[in-house]
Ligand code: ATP
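Read the single chain below, which is given as structure tokens and is the form predicted alone.
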């Protein structure tokens, strides 16, 4: 069942298209992340779903009902803002109870519901504490409890973790995800942090310049991006300009040929996702993730997909190594471990092996 559907949604501010003809279906009970750089339109899209912005054209349907022009206070959605917007003069319990009080819920039922929610967010002992005395993570949990107090059908989160330090942010990602799964509430979260989206989402909507660049499960988008923009935004990747030779291979910068296993029809145009056959000589991009590159000793047997190079930089974080390899005309970043490549050192000659199955052909970034 699809809970939320956007059809040809556009939002204009004068001559600027903040959102440009977006179609999207959000499945029931899933956590979906709107992901993209600043200014791509993800918050504007969330605000239109919430009823805080009105589309210039298009329609929004929720549970089979057209809510495009429905006021925000009649949509029965919970929302957590980037600033959290808790009331500093109220206690934890009073903040959580506030939406119930607005709906004139009976006092006894308010008390019972607040107690349930404080147990859920593991803060029952802080019910009477002012929110100003809470840590960042505790305030975050109170904001979520308040957003779900009235049992909304949809939860909207607008970069709710951006103000937290790195360690607390990662802990809260897990907490929010577990809470969402426990409640089974359909949730949309805006973030510009690809790691956060990969950690939390059932589905990621990657946005670029007011349009949807790609929609899919996190691992599918990471492993099979449709364009250079998506590949560059999701995770670390080696992206090289190449030319397809029409015989299952591509020419790298400098002219070296390697084999690729991918169907040469796979690259798709940015934003539209329309498949285009690749002709011999066409300029496209090759993507290979650092963890897919095998670093071999320079004395190992040669093969078409083993490229000679020199190690020019090593980032050692203990359990893993990240090596930059100069391959005469371009550089590659390879992720490995001390066990896999013992004795790796600066200036060492190596072979960087690019397995054909890991070489993805993608559409080049659109010219500006």
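Positions refer to the first chain, counted from 1. Small disclaimer: the values here were computed from a predicted structure and weren't measured.
The discussion below concerns the form predicted together with the named molecule, not included here.
J.: From the candidate stretches 25 to 33, 316 to 324, 303 to 311, 38 to 46, select the single one in contact with the named molecule in the model of the complex, where contact means a heavy atom within 4.5 Å.
T.: Comparing against the named molecule in the model of the complex, the contact stretch is 38 to 46.
J.: Within 4.5 Å of the named molecule in the model of the complex, heavy atoms considered, which of 344, 18, 359, 352?
T.: None of the others qualify; the residue that does is 18.
J.: Using a 4.5 Å heavy atom cut-off, which residue among 203, 292, 228, 159 comes into contact with the named molecule in the model of the complex?
T.: By the 4.5 Å heavy-atom cutoff, the listed residue in contact is 159.
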